[in-house]
Structures are given as structure tokens and as C-alpha cells.
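Next come C-alpha cells for two forms of one protein chain, structure 1 first, structure 2 second.
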Structure 1
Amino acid sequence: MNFSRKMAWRNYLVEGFLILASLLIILPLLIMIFGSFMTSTEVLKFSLRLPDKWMFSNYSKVFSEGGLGRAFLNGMLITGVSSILNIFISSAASFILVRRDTKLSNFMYMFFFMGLIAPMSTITTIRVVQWMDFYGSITSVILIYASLNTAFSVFLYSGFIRSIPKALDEVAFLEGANTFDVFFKIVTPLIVPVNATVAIMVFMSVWNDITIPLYFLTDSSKWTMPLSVYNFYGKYSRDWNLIFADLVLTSLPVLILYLFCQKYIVSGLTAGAVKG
């Protein structure tokens, strides 16, 4: 049919154009990946080519000279604990906010929601952490990340918990359960997929961040990967092969997470797109 042939042509045209556009995304990433296996002179051309000889030793060198092992563990600790803490506190709070549905709880929802809009006040946060006498510690950074991500998580959890019928809670309450039981035994098992979405979103944003470590982690032994890499980049600015290897290593955890947990990321994005 004429019409469907026209459609097919249009599709080929769009596909061809999009494939060309995707090269713009792939090329810089390939320059980084191939460059990370080159010698320090070969990499300086910054053009797209395979390494003459694959220098796998760049990676071990980066580990020994860049102190990346330590930074990796710091990052895992900060990212892991702040995601778990965030999941726990946000889901519990959202459960009550949604179920109560009173003026006070609606006001509190807006109070949390402001956190999505308002910028963080960095200098006075440092002040607060100094007052509490743990400035520079990993604990302070974990708590700051947990609080920074509360707004987004409460927003995601509230949308989902609203769709769980109240009838389930009512039966449990009639049998003498308290809020604690209902939350952990009835609601928590039902929100496991949202927990995964929140965990991944928080993990990615915390792992990639440099702002908070820059202001709050003054001691280099506590730095996370991106900040160590930034420091390495300043020190070894001639050895681009090593810098690229560093960047690839920093990106690996989030890439792996993305490959294995794509469906949870998509469901998080869908919540935003459909509910607004």
C-alpha cells in the first residue's frame, strides 16, 4: 500500500538520522575507553583509534598511584549506608503522610517537597555539622546525603503507597497490630520494587557527586572516587592514559548497576513522567 510504504521510508530516514546522532554520543566515550589502554604519548592525539598495544598495566598503575582502592571503599560505604538510611526513613514517613491525609500531614508533605526545589545552603550546613562536632567525618556526609535525597524519595514513595488499598491495614489493625507491625509486615513487602528504584537513584547520584565531598571531606583518606580522580587529574595532567583509566574505573559501578537494574530506573522515570 502506498501509505505504509511512505511510513516505512519515513522510519528509515528517522532511523538513519538517529544512528548518525548516536555517533556523537559514542565517539567521546570511545576516545576515553581506547585512550585508557594507550601509552602516554599515543593518547595525546585524542582521536578515535584502537591502541597500538593494549596497555592493561595502566589500570594497575592507577590503583597503586591514585589510592583508588581506599576511595572505592569510602564511596561504597557512603553510598550504601546513605541509600539504605534514605529508604528506611522516607518510606516510613511517606506511609504515615499518605494514610493520615490530614491538614498537618499535607503540610508536612509540602515541607518535604520544598527540598526538591530549594538549593542546599552549603556554608551553614558546614556550620551545623561543626556545632555537632563531626565535621569532616564520613558519618556527617552520610546524614547529609540521606537528608538531601529525602524530598525525592518521599515524592516517589507517596505516589506508590497511595495505590495500596487501605483495607489491608484495616484488617491488621482490627487484629490488634500497631503502626509498626502494619508498616513492616504489610507495606514493606509491597514496596520492594520502589525500594529498588530509590536505592538505585540515590546510589547513582551519591556515587557521582563531587560537591559534598569537596566541602565536607577535608581529609584525603576519606575521599570518594570522583574527588580522588579530580585530585589525580590535577596532579597527573600529562598522563591522559592514566586519567582516562581512572575515569573508566569511576564509571564502572554505575554502568554495572545500570545494566542489571534498568527496569527499576525506568519505573522511577515513569512515575515522574506520568504523575508529574
Structure 2
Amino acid sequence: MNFSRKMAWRNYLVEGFLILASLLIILPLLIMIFGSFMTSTEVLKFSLRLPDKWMFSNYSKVFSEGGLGRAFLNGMLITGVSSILNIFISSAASFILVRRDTKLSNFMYMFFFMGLIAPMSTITTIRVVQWMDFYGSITSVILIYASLNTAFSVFLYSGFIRSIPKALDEVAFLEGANTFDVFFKIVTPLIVPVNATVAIMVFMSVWNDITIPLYFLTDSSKWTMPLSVYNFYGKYSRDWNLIFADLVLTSLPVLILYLFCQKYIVSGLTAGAVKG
């Protein structure tokens, strides 16, 4: 009985701590949302309260003057293509690495795993992109994002594919299938949960990033929505209501995606960790 009471009190303390920690995120978020509907004078108080008058015109002004329509399309193009490339390359590489138990495959797996630890060298990458004549193009950013997230994706895919019995591959080979048939017709339908997890994780990491577009996109017309906030702040540094509105619009796609797809993130991470 005493043990159960101690566990109950411990759970209460942990829950209370988590609630207080969540307030550190929720309160600034509410200040930003309410501030986006205030006037430029009212928002300077940075207080957690409802606006005296709801200024919905802030959003229309931000969308028209901030060029968010073009930035949204750029972000969707970069995020969507890099996610698709990452899913296809990482899943195919993981299938080969897991199914072929050789020294080369083990070395390549460790080589991919090092990508989780080793940081990206910006200067070196810029020189490589310039040598490939891709510098300043959206293509360069897509390829960089697809490669940057490969290490984590291979780690997830490898753990899940190891749980798929090799007997399925052997039966398919006896029926006359080749390696491509086994991967696309047998393995691919089974890794759908991991595909969803990787797609969401890559989408959120790519959408929120500003460093790579800042260094590799020389034309501001190719910038994404998060980077447009940086540009918008330079023009309206005193109008925090407009900056808050810009931040809300920029974070809205990721917030919606996470709210509707968080169960796939949990299931995919669990599948890759436990079944591996």
C-alpha cells in the first residue's frame, strides 16, 4: 500500500512538472496568436490577453506584402520532393543493407549511422554544389535536404525491415521474382507505417529550417515561408502584430500536419525501435 502511494505521488509530481513545462511553450504561443490580431501599438505590451479589436486585416496584409503565396509553393515543392526522394532512397538502401549480410553492407550501415552524429559542413557543401553547377537553385536545396535526413531514415527502415521474415523473399525468388519485385511488391506494402513516419519527420524538419535556403538560395523569390519571416522582419521590425501574423501563417502547416498525423509518428518510431 505504501509502495502504491509513493508511485501515485511520484506520478503526480511528474505530471505537474510536465504541465509546468508545457506552459513554457503554450504561453508564448498564445501571446503570438493573440498579438497577431492586435494593432501595432497594442501588441507592444506583449501580454497574454485578448485584443481590444480583432484586426483580421493583419493576415491579409502579411499575405499580400510578404509574398507568402510564392513562398508557400516554394516550401511545398522543396519539402515534398525531398521527402519523396528520402523515402525511396532510404527504404531501398535499408532493404539491401539488411538483406545482404556482408562486410561491405555492415560498413555502409555504420557509414549511414555516422550521419546522425557528424554535422554538415556548410562551406564544403557550398563548394561541392558550385562544382556541380547547382548553386542558387531549388534543386540543390532539395538534394541537400534529402541527403541530410537519410541517416535517421535508414536507421528506422533498417529496424523495421529486419522484422520482415527472409522466407518471404526466398518464396518470391522461387516464383521467379527478382530483387526489384521483392522490394516493390512485398517489402514496400509492409513498410507503410515507417513511410508515414519518415514523411512527417522530414516534412517538419525541412519546412522549419531556414539555414540551408539562406545559404544556398541566392534569389529571394525562391525562399520558403520560414525564411520569408526573416525578410519580412527586416521591413516591418516595429510592427510586431504583422510579424506575429507571419509567424502564425508559417507554423500553421506543420501544426496541422502534426495534430492529424502524430499517431503515425508514434507507431512508426515504435515499430522501427521495438521490431528491430
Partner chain sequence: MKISKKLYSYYLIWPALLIYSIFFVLPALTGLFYSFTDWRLDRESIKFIGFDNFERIFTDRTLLLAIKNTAIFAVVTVLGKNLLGIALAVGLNMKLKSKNVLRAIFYSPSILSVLVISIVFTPMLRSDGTINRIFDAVGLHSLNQAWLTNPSIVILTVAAVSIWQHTGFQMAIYLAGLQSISKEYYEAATIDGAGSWRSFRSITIPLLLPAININLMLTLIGGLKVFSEVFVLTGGGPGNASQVVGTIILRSFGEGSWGLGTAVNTLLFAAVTIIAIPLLIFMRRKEVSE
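Start at 1 and count along the sequence of structure 1; that gives the residue numbers used here. Definition used throughout: the rigid core is the maximal C-alpha set that superposes within 1.5 Å between two forms. Predicted model, so just to flag it, every value in this text is computed and none were measured.
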(request) Sort out for me whether 1 or 2 is the form predicted in complex with its partner chain. (result) 1
(message) Superposing on the rigid core, is the Cα displacement of residue 252 between the two structures 2 Å or more?
(response) no
(request) Quick one: how many Å does the C-alpha of residue 16 shift between the two structures once the rigid core is superposed? (result) 5.3
(request) Let me know the CA shift of residue 25 between the two structures in Å, rounded to one decimal, core fitted. (result) 2.7
